[in-house]
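Next up: just one chain, as C-alpha cells, the form predicted alone.
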Amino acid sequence: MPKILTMTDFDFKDKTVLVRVDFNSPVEPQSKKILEDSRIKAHGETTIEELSQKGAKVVVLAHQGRPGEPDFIPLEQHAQILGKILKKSVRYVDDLFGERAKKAMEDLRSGEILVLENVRTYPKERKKGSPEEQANTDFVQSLAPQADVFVNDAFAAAHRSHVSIVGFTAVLPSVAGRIMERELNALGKALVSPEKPCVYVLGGAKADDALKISEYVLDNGIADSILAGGVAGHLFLAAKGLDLGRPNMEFLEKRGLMEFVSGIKKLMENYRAQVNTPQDLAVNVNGKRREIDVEELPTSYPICDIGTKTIHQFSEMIKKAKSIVISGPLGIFEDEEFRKGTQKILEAIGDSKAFSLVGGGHTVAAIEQLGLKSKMGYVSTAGGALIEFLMGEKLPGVVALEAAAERQ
C-alpha cells in the first residue's frame, strides 16, 4: 500500500471532518429515483459510521452524475438512504459552500452527520488541477477553515484530479477512509507483490484497456499468464492473423479496435508463452449456441462466448494460480445461451484457494447475478480508477494523500 495515513492515525473526537465518498448511484431517468444503493451502503457502514461512533462531526462530500445528464440530481435522496442504513438522523443542506452550508456545519454536534449538496453543482469541480491549484478555489477556501481533517474514501474517483478529491489535501491533515484503504490493500496484493503464479483474466468490451494492462503486468513481471476472452479475446485472435468472419471483423472495426492490433502482435511476439487466446468459441446461430474451433474461422455468425475447450484450459490455469485478477466478462453473460464461459470461469475462481480481485461494473454484475460474490477474495467497486491502477498509472487522489502524509 502507498505511504498514506489512515483513519487509525487520527483522533476524530469532536473534530469536524470533511469526508469525500463515492455515492454515485444508478438513477431512473424519469422519476429521478435512486435504483441501487450499494455504494452508499459501503461508505455508510464503514467510514461514515466509524467517524460518527468516534465522535466526529461528519460532513459528507459526494458527486452524483454529471451536469446535463439524466442522473445529475441533488443528494437529498442519498442522505435519506444513508439515514435508513445507519438507523440515525442524517441532515442534508441544498448548499455546497455558501452561508447555509457553513451554518449547517457549525450547528453539528459530535457524532452527527451532514450531507452537503452534489459537488458537481460547482462549475469548477471537474476542472483538472494540482492540489495546490485546487486549494485556491472558492470551494476549498470556504470549507477548509470550517474543518479539522479531510478523509478521502472515494477510491472510485481517485483517478480524477478534481477539486473535492485533491484540493483539501493541500490545506488540511488528510487520511484515507476505510474503503480507500481496503481497495489499496487489495490492489497491492494483485499488482505490487502478488503471490505467484499470478493470472490475469481480461475480457469485456474495452479491448484497448486489455492491451495496456497486459503490457504493464507482463513488462513488470507481475502476471505470469494472461487469459484473453470477450471482445479482448476476439481482438487478440485477429492480431494472430485470424479472420473472424464479417460480422465480427466489422464489429472490431466499428469500435475502432483494429488500431490496437499492431500493439497486441508485438505483445504476443514478446510473451508468446504467457498470452493465452481462445481455442474455441461459441457463436450465435439464430439465438442458439453453437461451438466452433478457431481452425473453423471465419464464421458468418456473431461470436458471443468462449467455448468448452477454452473454459477447460483457462480453468486449469486458474486452479494452479495463487493470485487472480479478473476484469470483464468472457462473453455476453446477460444472455443465458452465452453465459457459460463467464459462469464457469468465475466458478473456477470462486473455488480456487488463490487471492482473487474482481473489478469492472459488468464483472461485478455477473458475480452478483450468479451468487458468487461471497466466494471472491475482493470485489472492487471502482471502474476507471481500478483500470488505471492496473495499467500502472498514478492516481491523483492517492498521490495527494501521499504528499499530505509526508507533510504531517
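Nothing here was measured: the structure is a model prediction, and the numbers come from that model. Each residue number is its position in the shown sequence, starting from 1.
Although not depicted, the form predicted together with a small molecule is the subject of the following passage.
Checked against the small molecule in the predicted complex, the residues 186, 90, 101, 156 give one hit for a heavy atom within 4.5 Å, which is 156. Site annotation in the predicted complex: the residue of 66, 353, 33, 373 reaching within 4.5 Å of the small molecule with a heavy atom is 66. Per the 4.5 Å heavy atom criterion, the small molecule in the predicted complex is contacted by stretch 157-165, the sole one of 157-165, 329-337, 102-110, 227-235. Although the partner is absent here, residue 182 lies well away from the small molecule in the predicted complex, with no heavy atom inside 4.5 Å. Interface membership of residue 39, defined by any non-hydrogen atom within 4.5 Å of the small molecule in the predicted complex, is confirmed. Residue contact check for residue 178: none of its heavy atoms lie within 4.5 Å of the small molecule in the predicted complex. Within 4.5 Å of some heavy atom of the small molecule in the predicted complex lies at least one heavy atom of residue 384.
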